[in-house]
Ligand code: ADP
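This document starts with one chain, in the form predicted on its own, laid out as structure tokens.
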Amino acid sequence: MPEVIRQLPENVANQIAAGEVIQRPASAVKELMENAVDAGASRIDVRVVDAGRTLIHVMDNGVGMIEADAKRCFGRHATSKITSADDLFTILSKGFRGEALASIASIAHVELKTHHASDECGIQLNMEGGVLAQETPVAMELGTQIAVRHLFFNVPARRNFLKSDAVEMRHVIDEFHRVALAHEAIHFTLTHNDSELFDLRPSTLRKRILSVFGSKYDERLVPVEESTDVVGVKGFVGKPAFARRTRGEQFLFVNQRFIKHGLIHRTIMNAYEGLLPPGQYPLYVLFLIIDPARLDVNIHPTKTEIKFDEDQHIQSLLLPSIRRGLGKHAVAPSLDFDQESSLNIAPLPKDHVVAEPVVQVNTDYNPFQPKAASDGSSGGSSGGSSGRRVAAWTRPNGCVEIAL
């Protein structure tokens, strides 16, 4: 029987791995922006052409790379974040798998320019389909610039599955928002086809949210902040009156990493129980701060899913903290019932003098003395029973009852 199991060629394996990490241009934007954040950049500029199909250009002023690291960064599982399996439980950086640049380089034309402070000049590397095509020195400022051209040029089937430029650009903006909201101290810019869409300068989290979504969101935000020995939560939730029927304004971060977690999302929605009609979703930008040893971020190639060691503790903190935040800002329903209009008494003027009440006592009052019949009454009887009618009837058993 002939052998049927064979080792895949490296270029095929790289393209398979790229399909797990890079689904569309927005995926490349996310990975490159996160690499820039990990490099300690204080400014990150993103430029895309044709929604990323033609060009994705990410520039940062981070620490840059020396020549040896620049060449090594395009290899599979090449990373500076971890050295052993134990490091997976202390990860605070964005990337750690070492798959992003290798995956992007295998399905695009990549130009890398980088300059480290220890080198006199920078270096430029040109990659085509994962293969180094050119290496030249270059004069540039400290930092890194990566240009990704013709994404999926050698995977036409995946390129054909891309949506319209408007849809793909919407995904790019979503990824840009997620990184920008998680790092309000970094200056971000986004340009599409030479048109600047965002210029987000360093600010507070509230101002960063307003810069992303618009100043009209200022009245919609309710701050939330609680902390325990296990987990801390801070951020903002939206007022129920501004909830939408479509999703897209829900942002959950764990240690400044954007994640999707169905159980935590349901917990947040439960905090709005009784405040929102079915099918509406509130805005929230919430940050969970947890010891990295208490969670596992290595369960998905795109690192958007996380497994917690103590889900119940997070829910028990998150639910009341959101309700408390809504209650403090008079958003949650109170226990006030409808008041009688006659009880709404206007406040007294400041210069009004309140007289001391006087109690009048009738010293001649005798509770045992029968009340005299009023003048002009007829058919009355003594003992204060005047004016009453007396009715009597007989039950079938012969008993007589009298009603006054």
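Heads up: residue numbers just count along the shown sequence, starting at 1. Since the model is a prediction, treat every value here as computed from it, not as a measurement.
Another form exists, predicted together with this ligand; not displayed. Remarks below refer to it.
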Handout entry: in the model of the complex, residue 81 touching this ligand (heavy atom, 4.5 Å)
Key = yes
Practice task
Answer with yes or no whether residue 96 is in contact with this ligand in the model of the complex, where contact means some heavy atom within 4.5 Å.
Solution key: yes
Problem - Touches this ligand in the model of the complex: residue 106 (any heavy atom, 4.5 Å) - result: no
Exercise for the section: Spell out, yes or no, whether the shortest heavy atom distance between residue 49 and this ligand in the model of the complex is within 4.5 Å. Expected result: no
Exercise for the section: Specify the contacting stretch among 73-81, 274-282, 156-164, 191-199, defined as having any heavy atom within 4.5 Å of this ligand in the model of the complex. Expected result: 73-81
Fill in the blank from the handout: With the partner omitted here, the residue among 318, 110, 100, 123 that in the model of the complex has a heavy atom within 4.5 Å of this ligand is 100
Exercise for the section: Look at the candidate spot formed by 36, 65 and 144 and say whether this ligand comes within 4.5 Å of a heavy atom in all three of them in the model of the complex. Expected result: yes
